[in-house]
Structures are given as C-alpha cells and as structure tokens.
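Have a look below at one chain only, the form predicted alone, in structure tokens format.
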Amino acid sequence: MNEKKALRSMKRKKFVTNSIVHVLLSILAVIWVFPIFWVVLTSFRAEKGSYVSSFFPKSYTLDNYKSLFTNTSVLNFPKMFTNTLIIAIFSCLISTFFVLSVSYCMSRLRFKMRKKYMNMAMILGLFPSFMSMVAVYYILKSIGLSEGAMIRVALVLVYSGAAGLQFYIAKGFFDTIPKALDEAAYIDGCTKWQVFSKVTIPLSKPIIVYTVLTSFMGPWVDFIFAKVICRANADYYTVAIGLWRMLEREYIDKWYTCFAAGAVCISIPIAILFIFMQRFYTDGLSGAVKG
C-alpha cells in the first residue's frame, strides 16, 4: 500500500515538474518568436513610416516586396543580395575546406609546434576579429583589393583567411573517430589524403553541416568588415549594409516596411540551406568500429 502511495506521489511530482518546465519553455518560445512574427507582419504592412499606432497592420500589401526588388534608383537590393550570395558561397567553400583540413591535422597528426599553434589559436580567438579591421583594410588597399570588382575578392579573403583558427569544435569531433579506422586504411595502402577524404570525411557529416552553416552565415550577416571595405562603393554593398541604409534618416519613412521585407528575404537562403542539410545530422559513426 505504501509503495502505491509513493509511486502515485512520484508520478504527481513528475507531472508538476514537467508542467512547469513546459510552461517556461512555451513562454521562452513566445518571447523568441515574437520579434520574428512582428517583422513578418511589418513586411506586409501597407502604412508607410516607422511609427504606427497599432501592433497589427490596418491593411496588408505585397508592394513592399515588389518595391524592394524593383525600386533600384536609390538602394539596389537585388544587386546587394547577389553580391552577398556570391561572397557567402565562395567564403563558405574555402572556409569549410580550411577548417576541416586544419582540424584533421590537429587531431590526427603529431608535429613540432602543434601545441603552441593550438594555444596561439585559442588566445587569438579570445579577441574580436574586428579589432584588426583597420590593419586588414590597409593591407588590402596596398595590394589593390579595395576598389572596384576586387572588393568581392577582398571580402572572400577576409572571411575565409582566418577560418583555420576556428578548428577546435571540428577537432573535438575528429577526436571521437576511432583511430583504428585510419590504421586499417593505412594497412590497405591509403595515403593520408585518402584517409582524410574517403574515411574521415564520410563519417563526419554532422560537423561538416555545422561548419558549412556557420561559414555561410558569417559573411551573410556581417556588417562591420563589409562596411569598412566597401566604404562608399554602393555597387558592391552587401545586404547588411543595404538594410542599415534603409534605416537612415533620409530613407526610413519610405523604406522602413521594405526593410522588414528585406529582413524576411535574407532569412530564406539560410532556411533553405538548413532544411537541405539537416538530413545529414545523423550519427556518422553508426556501424563503425568503436575504440
């Protein structure tokens, strides 16, 4: 009898605890989703200007999206979107290769200065990257990458150049892959590159997805480096600079709702990339030798 009472009491406590946790999580979810919901509503708002008397729009329209892509006389959003997409794709490809290569070397290879390099990378990672933006700009200017079409090249170099220092997370994942797999591949006559490309990489889909997403999102949302390097070259602005310009004093009344529409549009490529790659979030080591 006492055991039944204790069991009922335990179930009741568990139910109360789970209910409290779910309520708190629901409140946090509403707080997190609320700004996104507001931006989406504002993107369809027919009233212009940044100040309105009601939270919900009085009327809805698609003109904000239409104007965003057709009204290019002042702010050429399609060109900014194209610039950002090109820069983000190339930066993503180069950064992903750098991060995975350095991570594999730090995890599997043993060489002189390895520990010192890892310590140096950790120390440099403590400082925000924009601390070096003035020096980076003058270096790019001295080699002719701060004007014209070379601005895109400069941004790709800036975003991908230091990617190799961000190897700690991927290295931790590679450390979990049994070295017995590498040794078996070496016995079969594989080179280090073949082990990396044909053994380790196929087992590392989760960390590859993470690296691709972070490498793409960095250039996609960056404002500081893009503003410093682009300066007044409007033809090479990225979407971050374009959205910032829409909130300036001379544009805010006319472009505020277009700003909300632009914010929705720039989230689409990231959402598509995540939806496409989330199927690779599986355990790459399933069925592998455990050691």
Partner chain sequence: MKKKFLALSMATVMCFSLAGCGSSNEKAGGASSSDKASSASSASSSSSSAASTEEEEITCKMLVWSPSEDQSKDYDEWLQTQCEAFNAEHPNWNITFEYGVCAEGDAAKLITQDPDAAADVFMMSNDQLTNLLPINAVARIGGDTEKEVKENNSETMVSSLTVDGALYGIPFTSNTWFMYYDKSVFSEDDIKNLDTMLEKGVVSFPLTNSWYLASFYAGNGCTFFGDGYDASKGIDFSGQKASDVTEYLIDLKDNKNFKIDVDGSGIAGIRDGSIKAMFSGSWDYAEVKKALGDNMGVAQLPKYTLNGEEKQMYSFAGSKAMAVSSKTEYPQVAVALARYLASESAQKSHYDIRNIIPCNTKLLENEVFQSDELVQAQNNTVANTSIIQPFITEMGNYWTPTDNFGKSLRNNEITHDNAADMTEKWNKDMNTSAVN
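Just so it is clear, the model here is predicted, and its values are computed rather than measured. Positions refer to the first chain, counted from 1.
Absent from the display: the form predicted in complex with its partner chain. The rest refers to it.
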Of 192, 114, 141, 205, which one comes within 4.5 Å of its partner chain in the model of the complex, counting heavy atoms only?
141
Residue within 4.5 Å of its partner chain in the model of the complex by heavy atom, from 210, 104, 90, 137, is 137
Heavy atom distance at most 4.5 Å to its partner chain in the model of the complex, all of 48, 119 and 123
yes
Can any non-hydrogen atom of residue 234 be found within 4.5 angstroms of its partner chain in the model of the complex?
yes
Would you classify residue 247 as touching its partner chain in the model of the complex, given a 4.5 Å non-hydrogen atom cut-off?
no
Flag residue 131 as yes or no: does it have a non-hydrogen atom within 4.5 angstroms of any non-hydrogen atom of its partner chain in the model of the complex?
yes
Does its partner chain get within 4.5 angstroms of any non-hydrogen atom of residue 36 in the model of the complex?
no
Exactly one listed stretch (212-220, 71-79, 169-177, 150-158) reaches within 4.5 angstroms of its partner chain in the model of the complex by non-hydrogen atoms, and it is 71-79
